[in-house]
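Shown below, as structure tokens, is a lone chain in the form predicted on its own; questions about how it binds or moves come after it.
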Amino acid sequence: MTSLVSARNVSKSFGALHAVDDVSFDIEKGRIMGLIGPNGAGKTTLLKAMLGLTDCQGSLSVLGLDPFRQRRELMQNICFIADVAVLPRWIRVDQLLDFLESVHPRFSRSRAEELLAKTDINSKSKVRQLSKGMVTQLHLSIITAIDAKLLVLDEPTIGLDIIFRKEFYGNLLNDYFDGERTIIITTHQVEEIENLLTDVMFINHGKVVLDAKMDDIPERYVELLTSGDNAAKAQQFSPIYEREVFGKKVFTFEGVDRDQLTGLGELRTPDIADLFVAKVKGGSA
């Protein structure tokens, strides 16, 4: 497989703050990567480096290009939705399509109109007349009408209701992802995208604390719900994190064979949100 994004010892500092601290990773073609981290973890800085919006130390290649020095060429093959509306509020929907048709060689107006026909958006409406959900629908219709190799979504559904969030991700899979394109998603609503992801990366304090394929998670991590003497026995296997739920202990283990824990309680694969807490808080501890 060919890496669409390749990072080696990438760092970015703002004075004494190490926003991205010596990270290395690869994102392969045809994958859906979840980039997860708390506020201030370095996610946005890392995305800006990938998009050529800021320079960095180390080696960073996106689609075989240096994103900072070859940004114009790179942007012809990347689509980006930020966590804030960036569409001009004064423009009409049909005028926006006119503009994109004139400036972007990979934009398909017919495809955009086909997608917008599935919404309640009026082509004569101005952006400022649309609800937040409609603006996101408009933005998604635009970017999915561009034949790009990489889509970057930075908190794309923030502030939207749960029904629209589910529709957003459903449309993303049905109308955009085809196994050839690559998608990078950052969100705090991890539970809503967990079933979409093929890969996950956790970042905290500028460092990557987990970079894994979703298929590998059950083999590497296991949660144990237990109590009493069994809890004491489980401690011997050095859990990376523990918490208490209704008087029982929940242990998270990394690299421990499930057979060793059999009989000590209820075993399950941690969901991404619980695993994130375990890796971040356990690492801090």
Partner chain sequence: MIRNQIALLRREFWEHRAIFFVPVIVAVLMVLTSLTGQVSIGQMEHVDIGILGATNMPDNARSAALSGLMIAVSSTFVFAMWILTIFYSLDSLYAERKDRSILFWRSIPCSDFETVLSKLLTAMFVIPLVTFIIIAATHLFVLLNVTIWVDLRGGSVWHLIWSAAPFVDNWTATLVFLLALPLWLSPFIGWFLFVSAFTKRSPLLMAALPIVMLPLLEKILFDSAVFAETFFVRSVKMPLFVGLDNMEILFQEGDEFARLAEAKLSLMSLMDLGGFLSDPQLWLGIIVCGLFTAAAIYVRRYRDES
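Residue numbers count along the first chain shown, from 1. Keep in mind that what you see is a predicted model, and the values were worked out from it rather than measured.
What follows is about the form predicted in complex with its partner chain, which we do not show.
Proximity of G170 to its partner chain in the predicted complex falls outside the 4.5 Å heavy atom cutoff.
Put simply, S131 is far from its partner chain in the predicted complex: not one heavy atom of it is within 4.5 Å. With a 4.5 Å cutoff on heavy atoms, R71 counts as touching its partner chain in the predicted complex. By the criterion of a heavy atom within 4.5 Å, L140 is excluded from the residues contacting its partner chain in the predicted complex. Annotated contact segment (heavy atom within 4.5 Å of its partner chain in the predicted complex): 98 to 106, selected among 186 to 194, 98 to 106, 201 to 209, 162 to 170. Contacts between stretch 20 to 48 and its partner chain, counted in the predicted complex as any heavy atom lying within 4.5 Å, involve K48 alone.
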